[in-house]
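One chain comes next, on its own, written as C-alpha cells: the form predicted alone.
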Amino acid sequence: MFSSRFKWNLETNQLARLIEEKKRAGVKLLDLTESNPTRAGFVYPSTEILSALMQPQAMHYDPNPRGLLSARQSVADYYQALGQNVDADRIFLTASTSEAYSWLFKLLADQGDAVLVPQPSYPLFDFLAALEGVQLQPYELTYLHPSGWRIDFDSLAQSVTPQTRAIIVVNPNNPTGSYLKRKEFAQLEAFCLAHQLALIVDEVFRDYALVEDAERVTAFDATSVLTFVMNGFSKTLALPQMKLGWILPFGAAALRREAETRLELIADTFLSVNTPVQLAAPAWFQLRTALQQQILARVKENLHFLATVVENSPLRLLTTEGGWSATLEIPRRASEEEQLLRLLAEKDVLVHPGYFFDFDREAFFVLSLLPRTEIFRVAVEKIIAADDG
C-alpha cells in the first residue's frame, strides 16, 4: 500500500529507549548532540523578531515563484555585506534548505539517477534523496593531520557512474568543519565539466569560520559549471523555526538560464514560502551580526576548552575549521555504540557516534559546540573520565 521510497525501520533503537528511560526517571542529561540554537541559551531580540511578523501586507497574497522581491533583495544585501555581488532576480526562496535539496533533485535527476554525497556528512541526505527516488553515491573525505579534511578525488572518480547527475559539497562540512580550498575547487570544477555534472553547494555554516585561511573559497568562484548555492535562516540567523532558505544558481549563462526557467516551474508548483516570514526578512537580517557573534563566542570557547583538556588524554581532537561541531577520535576499547551507550548509562552524557555521520571507520564521537559552557565542560570531563575508567 505504501511507497517503496519509505524504506526505514521505524522501530525504536536501544539508544532511543535508554534516552527515554533516563527522561522518565527525571535524569537531566548532559546533551552534546544539541544543534538547536533556540534551546542553547542564547539571547534573542524577541521583540524585534516578533514585531517584524506583524505587517499589514501579510494579509495579502501576492505569490511570486521566486519569492517576494523585498525578501530576495535582503538576501542579496547579505551577500553584498560579504563582498559578493548577487542579483536579487537570480535568487529562489524556499521554505528551508531541505526543500531546496528536494527541488534540485527534482530539477536534475530522474527516478533511479544518482547524486554524489560526501562521507562523513549529515544523515539527512539519505532521507531527502530516497523520498525523491534518487540514489546516493558516497565519496570520501580524507583526514590529514594537522591540515584537516580534504576531498578524496580518487574516491570521487570511483563513485561516479553514467547515472550520476550532481555532486553535493557542504562548505563547511557538517560534522567535519572542513572548507573547500582553491586547489580542491579547481579540481572539482574540472571533474564536473569532464563528467557533465551539476554542483550543489550547501553553505549553511559559511558564516561560522573558526580559523582564518586565505585558501578558503566559496561556490561564488564557480564559472562554467552549473552550480547551485544554498543557505538559509536556520544557521545564518540561528532561527530554524522561521522557515526560509534560498537557492542561487551560477554557471555558464545559457545553461544557468535554462535551469532557472525549470526551477521557476518547480517553485510555482509549490509556492511554499509564507508571506509573513518573507516580509520580515529585511528586518531580521539586521540582527544577524549580534546573533552570530554570540554563537561564535560560545563555539570557540567550548572548542578551546575541549582542545585543552584532551591534549594529554588518549582522545584526539580532529581539526575543525568551522561550523558547530567537533570530532573526537576515541580509543577503540569497544564499538562506538557500546561506548556511547555506556557513557549515557553511567555518566548521563549524550553524544553522536561517528557512524551517525557515516564515518568510514571507528571510533569517533561528534560533539555539538552549542551547549552552554558549564554543561559542555562537565560533559567533556565525564567523557575523559569514562575513557580513563
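One-based numbering along the sequence shown. In this text the structure is predicted, and so the values were computed from the model without any measurement.
Just so you know, the form predicted in complex with a small molecule exists too; it's not on screen, but the next bit is about it.
Chemist: If we define contact as a non-hydrogen atom of the residue within 4.5 angstroms of the partner, is residue 191 a contact of the small molecule in the model of the complex?
Modeler: Taking the distances in the model of the complex, the answer for residue 191 is no, it never comes within 4.5 Å of the small molecule.
Chemist: Taking the small molecule as it sits in the model of the complex, is residue 163 near enough to touch it, meaning that at least one heavy atom pair lies within 4.5 angstroms?
Modeler: No, residue 163 stays farther than 4.5 Å from the small molecule in the model of the complex.
Chemist: My question is simply whether residue 280 lines the interface with the small molecule in the model of the complex - judged by any non-hydrogen atom within 4.5 Å.
Modeler: Residue-level check for residue 280: no, no contact with the small molecule.
Chemist: Give a yes or no for residue 250: in the model of the complex, does one of its heavy atoms lie within 4.5 Å of a heavy atom belonging to the small molecule?
Modeler: Flag for residue 250 set to no.
Chemist: May I ask you to choose, among 204, 306, 210, 226, the residue with a heavy atom within 4.5 Å of the small molecule in the model of the complex?
Modeler: The residue from 204, 306, 210, 226 that makes the contact is 204.
Chemist: Can you work out which of 96, 74, 102, 119 has a heavy atom no more than 4.5 Å from the small molecule in the model of the complex?
Modeler: If I apply the 4.5 Å criterion carefully, the residue I get is 96.
Chemist: Within 4.5 Å of the small molecule in the model of the complex, do 176, 319 and 330 each have at least one heavy atom?
Modeler: No, none of the three is in contact.
Chemist: Name the stretch: of 272-280, 84-92, 230-238, 256-264, exactly one has residues whose heavy atoms fall within 4.5 Å of the small molecule in the model of the complex.
Modeler: Selected range: 230-238.
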